[in-house]
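Single chain ahead, by itself, as structure tokens, in the form predicted alone.
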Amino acid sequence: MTSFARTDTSTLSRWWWTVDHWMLAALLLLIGLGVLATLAASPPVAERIGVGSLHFVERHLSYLPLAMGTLFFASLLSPRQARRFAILVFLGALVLLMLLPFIGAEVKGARRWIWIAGLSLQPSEFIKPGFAVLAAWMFAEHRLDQEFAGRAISIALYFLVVALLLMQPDMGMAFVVSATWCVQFVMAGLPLPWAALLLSLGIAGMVGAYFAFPHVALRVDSFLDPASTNSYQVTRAMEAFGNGGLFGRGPGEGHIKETIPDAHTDFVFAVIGEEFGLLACLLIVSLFAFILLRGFSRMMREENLFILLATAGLLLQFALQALINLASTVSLMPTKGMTLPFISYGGSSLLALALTMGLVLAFTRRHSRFRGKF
């Protein structure tokens, strides 16, 4: 990138001198590795469903400029502008979630996608970052003015969002939204007895989901007793890591992508392990860890409660999504059907993650240090 003088007061120059270059570089490297992973994993999947071998690669690349633009645009915003933009995204995603039962496309028994201008969008992906910022604002405003019903508004919106997610059904997304909201609530000053109650309700909710949703029960049973149910994809994923060894079999030499349907999405990490080896897997895990630690370290310097809560919520969503995908791939938890951030194929996921991390970059810029309400 062209260098800017520190005396330059243009928008781009101010952005360049205040944005976290290390986090930005790590995110761009993840995005580049995602393109490589899609090239490696998706051709056999595309051929199995009767489309061109580069079908998913071309679609991934078509979303990439939008994602890069979203990441850059969001990172340019001031904290006030970022908050307003995130709330607009939340409201738009909320309307689309309400319309899903009527205009959504059903895939694998779930109605989660809407086709807009030839692109398939999953509204729940966008409601995550929007709701994290909105909840942070409500909690922060309540701390500044006890008479403002910020907590009540946040609680009402939380139950609305989770109810809409369960209608799809999308348990994975509901879990991420719930965990993020609860952590933000505790950070905003929720008394420990109430925090313990929230934890108890969360555990009760997961137990209830096991009995209420057959697909959840199937995944849990498959995890607890693989021999009693069909755990084919997880078994093949574990074999792939063993076949890859330290350095991998080589690009294009893996076999797992030829045998499981979700090799380019939920199990892309197994494809990477087989073709590029343990070292490549460790590189990707290290990048996730670096981004999170870098974000939290910059966040801890912040004195404004809203920015602290918003950044924590966005980073937690990013971390949970990565952790769920990685843990389910290596059989440490039941499968959730959640993409690996920036690595898996998925247009909505790519755009929503670009928005999430663009907002993180905006909130952690050096010039965003300020006091008081806004």
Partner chain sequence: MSAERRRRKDLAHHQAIETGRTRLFLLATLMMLAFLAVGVRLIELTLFREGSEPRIANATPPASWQTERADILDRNGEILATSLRTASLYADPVRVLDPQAAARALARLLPRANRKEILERLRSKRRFTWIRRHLTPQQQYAVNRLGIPGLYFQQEEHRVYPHGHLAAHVVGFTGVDNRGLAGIEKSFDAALRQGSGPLRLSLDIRVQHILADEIGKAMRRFQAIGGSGVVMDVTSGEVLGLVSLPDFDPNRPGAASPDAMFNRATLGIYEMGSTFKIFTAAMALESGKATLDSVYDASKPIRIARFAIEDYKPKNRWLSVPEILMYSSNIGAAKMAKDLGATLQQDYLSRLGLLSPPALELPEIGAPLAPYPWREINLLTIAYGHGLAVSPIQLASAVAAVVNGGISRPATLLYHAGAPTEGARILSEKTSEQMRRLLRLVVDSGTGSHAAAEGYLVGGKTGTAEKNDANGYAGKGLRSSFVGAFPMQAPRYVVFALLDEPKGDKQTYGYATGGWVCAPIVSNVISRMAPLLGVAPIDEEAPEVERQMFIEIHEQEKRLASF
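Positions refer to the first chain, counted from 1. As the structure is a prediction and not an experimental result, all values here were calculated from the model.
The same protein also exists as the form predicted in complex with its partner chain; that form is not shown, yet it is the one meant from here on.
Against its partner chain in the predicted complex, the set 24, 29 and 46 makes no contact: no member has a heavy atom within 4.5 Å. Using a 4.5 angstroms threshold between heavy atoms, residue 281 counts as touching its partner chain in the predicted complex. Among heavy atoms of residue 262, none comes within 4.5 Å of its partner chain in the predicted complex. Heavy atoms of residue 186 reach within 4.5 Å of its partner chain in the predicted complex, making it an interface residue. Contact between residue 64 and its partner chain in the predicted complex is not found at the 4.5 Å heavy atom cutoff. Though its partner chain is absent from this view, in the predicted complex it lies within 4.5 Å of a heavy atom of just one residue from 289, 198, 209, 155, which is 289.
In terms of contact with its partner chain in the predicted complex, the residue from 40, 338, 57, 320 that brings a heavy atom within 4.5 Å is 320. Shown alone, this chain has one stretch from 32 to 40, 65 to 73, 305 to 313, 46 to 54 that lies within 4.5 Å of its partner chain in the predicted complex by heavy atoms: 305 to 313.
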